[in-house]
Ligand SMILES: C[S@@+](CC[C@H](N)C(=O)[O-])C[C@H]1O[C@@H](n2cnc3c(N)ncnc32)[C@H](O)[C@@H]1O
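In structure tokens, the next block holds one chain alone, the form predicted alone.
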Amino acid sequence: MNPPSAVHQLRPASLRAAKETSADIPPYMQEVYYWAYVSPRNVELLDRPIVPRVLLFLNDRRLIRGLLEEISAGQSVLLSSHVYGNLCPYLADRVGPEGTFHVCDVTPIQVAHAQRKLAGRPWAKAWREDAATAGEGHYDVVASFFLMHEIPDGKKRQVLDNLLDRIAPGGKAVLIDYHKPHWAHPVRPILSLVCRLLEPFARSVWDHELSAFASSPNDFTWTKTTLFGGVYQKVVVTRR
């Protein structure tokens, strides 16, 4: 697979320069997620492994293992957005120098963090692009790690359709995200409050299967596994 074209790559720059390039960040990122993914001070504070560990109620390693087990050395992998912590280097090391690892993100500061983490791995590339168009050609594995619940409902279909279009023959998409918890789960009230205050687009992944956001769901086989009492889901998608 050819590396991303120069037009897609973030020009070599310091993290500070990337932080300052935010004029064309999507409005929902500025209005809803600025504090988490755009604010230079907060991004520096939050991009460390302890953050997903706490936010995922100590299930981060289990969820990462669930993604890694779907990937083999030498494969081509696309991650649809940068993820805080060590997921990017884990995936790059999983495919190894015989494989290809690409990660895209819509915000310059997230791309800069991904590039920093992937330094010294020439088979791994990070560049700026919206998840609705992300990727170069086709991949053995297309991964989404807690992205779908953060996308406005009107855009979920565009993103998912693009990710499914990127699946190579014989390949798969792996979607890891929130799921509707069991009614008696002790963290359900906490997550309900988080959805109401901080995650306005998340409830739709509670109320609908992820396949509902695909334009042609019947063209694919959807295999879902839930974890932690239904709080999380892993959906593996293969073309029929």
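Quick note: we count residues from 1 along the sequence shown, nothing fancier. Fair warning: this is a prediction, and the values are worked out from it, not measured in the lab.
Unshown form predicted in complex with the named molecule; subsequent notes refer to it.
The named molecule is not drawn, but in the predicted complex it has no heavy atom within 4.5 Å of Asp93. Not displayed here, the named molecule is kept clear of Phe213 by more than 4.5 Å at the level of heavy atoms in the predicted complex. Shown alone here, Phe145 lies within 4.5 Å of the named molecule in the predicted complex, counting heavy atoms only. By the criterion of a heavy atom within 4.5 Å, Tyr139 is excluded from the residues contacting the named molecule in the predicted complex. Highlighted residues Pro89, Ala126 and Ala173: none comes within 4.5 Å of the named molecule in the predicted complex, counting any heavy atom. Comment: the named molecule is not present in this chain, but in the predicted complex one of Val187, Leu68, Met29, Val194 has a heavy atom within 4.5 Å of it, namely Met29. Annotated contact segment (heavy atom within 4.5 Å of the named molecule in the predicted complex): 80 to 88, selected among 80 to 88, 94 to 102, 118 to 126, 161 to 169.
Contacts to the named molecule in the predicted complex (heavy atom within 4.5 Å) from stretch 120 to 135: Glu129, Asp130, Ala131.
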